[in-house]
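Encoded as structure tokens, the following chain is the form predicted on its own, with no partner shown.
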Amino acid sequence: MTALLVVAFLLVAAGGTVVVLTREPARQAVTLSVYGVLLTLLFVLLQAPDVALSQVAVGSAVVPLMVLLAVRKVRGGKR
């Protein structure tokens, strides 16, 4: 295992911890997006470009957007 992979694994572990420890849902969506980028980097380093492309599209863009829309819908319903 190369040093670059070890660094990538540590970044992914730290990113996952930050996502879990973030309490506010809107901020959690942003950290989830950053976590998706970190996973994309890891998949590229593991020579899985197809998985990396899927991760960047779904994990970095679609899922955080859906979370933000859900948060907006829930907060909008209370008014």
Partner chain sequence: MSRSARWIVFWLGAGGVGTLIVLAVLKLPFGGLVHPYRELSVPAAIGRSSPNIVSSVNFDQRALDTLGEETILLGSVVGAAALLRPSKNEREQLDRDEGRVLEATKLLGYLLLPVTLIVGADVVTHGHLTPGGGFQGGVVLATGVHLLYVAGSYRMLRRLRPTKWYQLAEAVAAGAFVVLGLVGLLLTGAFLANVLPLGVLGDLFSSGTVFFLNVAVGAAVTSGVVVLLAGFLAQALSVREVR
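Positions refer to the first chain, counted from 1. A quick note: this is a predicted structure, and the numbers were derived from the prediction, not measured.
Another form exists, predicted together with its partner chain; not displayed. Remarks below refer to it.
For a residue to qualify, one of its non-hydrogen atoms must sit within 4.5 Å of its partner chain in the predicted bound form; none of Ala14, Val18 and Glu24 qualifies. Under a 4.5 angstroms non-hydrogen atom cutoff, its partner chain in the predicted bound form has Arg72 among its neighbouring residues.
Using a 4.5 angstroms threshold between heavy atoms, Val30 stays clear of its partner chain in the predicted bound form. The shortest heavy atom separation between Val37 and its partner chain in the predicted bound form exceeds 4.5 Å. Contact annotation for Leu53: at least one heavy atom lies within 4.5 Å of its partner chain in the predicted bound form.
Interface residues of 54-72, taken as those with a heavy atom within 4.5 Å of its partner chain in the predicted bound form (partner not displayed): Ser54, Ala57, Val58, Ala61, Val62, Leu65, Met66, Leu69, Ala70, Arg72, in sequence order.
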